[in-house]
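The chain below stands alone and is given as structure tokens, in the form predicted on its own.
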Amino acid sequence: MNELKPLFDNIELTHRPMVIAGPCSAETEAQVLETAKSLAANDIKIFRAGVWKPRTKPGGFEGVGVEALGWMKKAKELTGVLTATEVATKAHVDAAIDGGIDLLWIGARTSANPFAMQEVADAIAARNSDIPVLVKNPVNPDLELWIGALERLYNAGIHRLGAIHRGFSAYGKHLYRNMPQWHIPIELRRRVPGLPIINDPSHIGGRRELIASISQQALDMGFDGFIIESHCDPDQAWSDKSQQVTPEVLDFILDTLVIRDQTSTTESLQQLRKQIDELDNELLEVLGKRMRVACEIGQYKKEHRMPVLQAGRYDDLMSNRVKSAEEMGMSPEFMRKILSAIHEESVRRQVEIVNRL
């Protein structure tokens, strides 16, 4: 992929980096137009909305379909924004291009399927379209599969390409909806140096309050832009309402982001900080698992009428863990404080369970 073209030749972007924003789903014409107008007023140049929505289970809102393309076209006419939507089949590609969509993206489920990727690549190529295409990482952390999806498009003659880092699925409860695994997009950049990489903090975080911090981290790592879900009334959204923000909040987030000068003297420090962030996330997940086990123990004690506090067990745990910490170069005082806090929270949760009617 050594002959990539810029995503757009003629677009003036007020925000640096590039920002693609709009609702998870195009729900109604009024919702699309209101959101697009508010975003355009805040200098967002590319408006996104899902027209076809792949859902994990049947019965959920799966998008309005072709009708919504007319709403997006009207939004473009009224505000001047470019428009973007997700495609997963040849029929989607044909309808989106016929509907005047300016940018396509391919979702995580589709990018994980080589047959689907080839169908989309062939469909775009058959239209002789020079439309930009962004490819989300597959749901599983497989860099080769991600690169393979991009190569299928490139080999079909589609050279306005970019990647979207939306995080990777993991089983169980986690801090993030999708684990960032920052080292994977970093390795993608090393492997394909000219490829723009867009961060998707909405799908990584899964909660609107995480968008700002994830965006700043991505910006610090040199990502080229963001795709962020923004809705005129997020709490009433028909899909993914917890991870959407109003256009006004999005504008505030973008204004508070710090664009740092990336120089060679800070690259190694940034990589070390990235490792710290990843280790902190791992610590939080391990603590979460420990607390879930503590709750199961609390339920067992309740059912068997056992006391919550067992001093002998705690003393043995403290002694053994502190000794192990010293062998790893940590001070015993530090480890006693950590273990004491963890034990206190575990006991609190068990007491709640034992006393629950």
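Nothing here was measured: the structure is a model prediction, and the numbers come from that model. The first residue of the sequence shown is number 1, and the count goes up from there.
Omitted from view is the form predicted together with a small molecule, to which the following refers.
Participant: Want to guess which of 289-297, 34-42, 303-311, 52-60 is within 4.5 Å of the small molecule in the predicted bound form, heavy atoms only?
Facilitator: Answer to the contact question: 52-60.
Participant: Does any heavy atom of V133 come within 4.5 Å of a heavy atom of the small molecule in the predicted bound form?
Facilitator: No, V133 stays farther than 4.5 Å from the small molecule in the predicted bound form.
Participant: Considering non-hydrogen atoms and a 4.5 Å limit, does the small molecule approach P247 in the predicted bound form?
Facilitator: Although the small molecule is absent here, P247 would stay clear of it in the predicted bound form, with no heavy atoms inside 4.5 Å.
Participant: Does K90 reach the small molecule in the predicted bound form, with heavy atoms at most 4.5 Å apart?
Facilitator: No, K90 sits far enough from the small molecule in the predicted bound form that none of its heavy atoms falls within 4.5 Å.
Participant: Consider R109 of the chain shown here, and say whether it contacts the small molecule in the predicted bound form, taking contact as heavy atoms within 4.5 Å.
Facilitator: Within the cut-off, so yes.
Participant: If the cut-off is 4.5 angstroms on heavy atoms, which of these, H203, R160, R152, R208, is the one near the small molecule in the predicted bound form?
Facilitator: Going through each option in turn, the one that passes is H203.
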